[in-house]
Every structure is written in C-alpha cells, then in structure tokens.
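Below you'll find only one chain, the form predicted alone, shown as structure tokens.
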C-alpha cells in the first residue's frame, strides 16, 4: 500500500532530480498527446526538442530567444526567494519596450552614443516604475502583488496596442500595426556582424552571475533568503520587509524592462502588437525550473527558448497548432510543481497485514 511520510527536511537529491523527472514526464505525456492527435510521438518530440538545434543558425536563434527569458527569470528568482510574487513581468517587459522604443522613435537622427544609452535607461526605468507601482500598492494598501502585477500586464498590453495602431503607427507601413523601423544608431550592437546576436545575449548570463553573487554572498542576499524562509525571524532580526519588497520589485521589473528594450532594439527593430509571445509568463517557469537560483535560470531559459523554436518547427513540418508550445510549457510546470512534492515528503510502500503474515 502506498504511503507518504514527511521528511522533516528538504531533500538535496530531489531538489535537482525533480526538474529532470518533470522534464521526462513532460516528454512522455506530450508524446501521448501527439499520438492522440495522429502524429508519430517519437518524430514529434524529436521535431520539438532536437531538430531546431540542427538547423542552420539554430544556436543563434536559441540564444536570441533565451536572452529575455534568462533576464526575466533571474529577476523573478530573486523576488520569489523573498516571497515577493511578481506575476506581471510580461507587462514590465512591454513597458520597457514602450519607453525605450519611444526614445528611439522621438530621436531618429541622434547619434549612437546619445540615443542607445537613453533607450536602455528609459526602458529599464519603465520596467522599474511598473514594478515599483506594484510594490507601493502592496506596502501602502496591502494589495496582493499577484493580482496587481497581473492586471498591470494587461493594461500595458492595451497601451502598446493603442500606441502602435494609433499615434506611433508607421505612416508608410501600409496600415500594419507597427511603428517605423528604429534608426541604426538606436539598435542594440551586434556581437557578431550580420547576425541577430546582440548585446543582450551577453548581458543575460552576466546578470545571472551578478545576482547569484549578491543573493549568496552578500548581506542583502542573506536578508532576502531569511525573509523568504521565515518572515517573523527576518522582522525579529531587524530586516525591513518593506525595503526588501521594494528592492525585489525594482530589480525584477528593471530586468524585465531591459529585456523588452533588447527585444525591441536587438531582435525586431520596431514596436509591434505581438512584441511578446508570452515571455513574461514563460519566465515564471524558467525561475522555478532553475530552482529559484539565478545561475539555474541560464539552462532553464535555454530549454524554454527551445520550446518556442520547437513549436514553430512542429507547426511547419507536422501541421500542429500554435498552442502546442503553451501546452508543452503548461505540462512542464504542472509536473515540476508536482515533483517538488518529493522535496519534503517521502513516498514508499506500507506492508499490509496480509503481506506481513505471509
């Protein structure tokens, strides 16, 4: 008979084995779903997870997709470690792109040394302002940051649509909902000429290392960890919960805004209504898959970026719907949260009386 016993401690083995088991179960379940849709399971999983890496420029496309996910996942890892539940990074991502893109549109003739730093600063401050508003609502009115950050994400999306189809629409864009292309001087510098490998791809892992060092090796990071594990102990030790909430939301919001800037200036070169395919929500999975460790956000971001590429490949080669990417990501998150049950609990078999007698 199946039995469940509390461990009384967190299992180190399952802390790292849980994501691996969740990924295996996700692959198995996805294969069964694909089979139910009349597609060969093995071929579909191969097309989804392996084939994109074998294509020409596959690694380049993976790096471009992973950069914003890593940036946002790193910020969320920090916030979640402190029990600050920022769910609205998609909105902060969008605000960052709007603020940075607005500078690029307003000064099309400005030189690189003036316009690009202004674009980056404006985008980062825009994301921080969005996150700061969430922090203020929590501290001033005790408003749940899950709800406020999520609602702001939808508000910012509608703001983007209004600007792109209204005052910022490209007059020479044949009516398409998009702004004019940014000037070359407003675009993110390319690390490799004639590719989309831009500066943001280099900064993403650097932020990951920097925030890991801050979280694990500094007094501020210690305060974050204590706040996340024992709020009363943090208050007893004299740590200001309000101050840490502000810092967590400003950092996570700022990194999301910066990710939006690099998506607009490094990948698209303009603003469109489809700026984000849900990066902010996928970054939540990145944070948890990386075990709320800024360094873990790097492989987790690469894996989730692969699901976007695999979803595109599955649509083109196998005729699967666009929703297949979201299905895969949702199954992964479901199994990850389920497998984390093993962190604090042990599952085994209880001998029945009949079994004991035999």
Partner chain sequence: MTELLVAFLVSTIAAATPLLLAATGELVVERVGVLNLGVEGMMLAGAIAAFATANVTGVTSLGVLAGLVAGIALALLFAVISLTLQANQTATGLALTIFGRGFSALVGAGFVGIPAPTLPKLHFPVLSEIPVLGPVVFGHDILVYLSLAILALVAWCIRATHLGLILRAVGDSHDAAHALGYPVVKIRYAAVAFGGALAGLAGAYMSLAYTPLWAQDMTAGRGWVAVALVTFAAWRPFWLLIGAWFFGALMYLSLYIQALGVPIPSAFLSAVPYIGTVVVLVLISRDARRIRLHRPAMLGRPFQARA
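As the structure is a computational prediction, the values presented were derived from the model and not from experiment. Numbering follows the first chain given and starts at 1.
Just so you know, the form predicted in complex with its partner chain exists too; it's not on screen, but the next bit is about it.
**Student:** To test your reading of this chain, name the stretch in 201 to 209, 180 to 188, 248 to 256, 144 to 152 whose heavy atoms come within 4.5 Å of its partner chain in the model of the complex.
**Tutor:** Within 4.5 Å of the partner lies stretch 144 to 152.
**Student:** I'd like to know whether residue 135 contacts its partner chain in the model of the complex, with contact meaning heavy atoms within 4.5 angstroms.
**Tutor:** It does not: once its partner chain is placed as it appears in the model of the complex, residue 135 has no heavy atom within 4.5 Å of it.
**Student:** At the 4.5 Å heavy atom threshold, is residue 40 in contact with its partner chain in the model of the complex?
**Tutor:** No.
**Student:** Within 4.5 Å, heavy atoms only: does residue 285 come near its partner chain in the model of the complex?
**Tutor:** Close contact exists here: in the model of the complex, residue 285 approaches its partner chain to within 4.5 Å, heavy atoms only.
**Student:** Taking any heavy atom pair closer than or equal to 4.5 Å as contact, tell me whether residue 323 reaches its partner chain in the model of the complex.
**Tutor:** Yes.
**Student:** Tell me, which of 28, 295, 59, 333 has a heavy atom within 4.5 angstroms of its partner chain in the model of the complex?
**Tutor:** Residue within 4.5 Å of the partner: 333.
**Student:** Let me know which residues along 85 to 100 have a heavy atom within 4.5 Å of its partner chain in the model of the complex, or say none if there are none.
**Tutor:** In sequence order, 85, 87 come within 4.5 Å of the partner.
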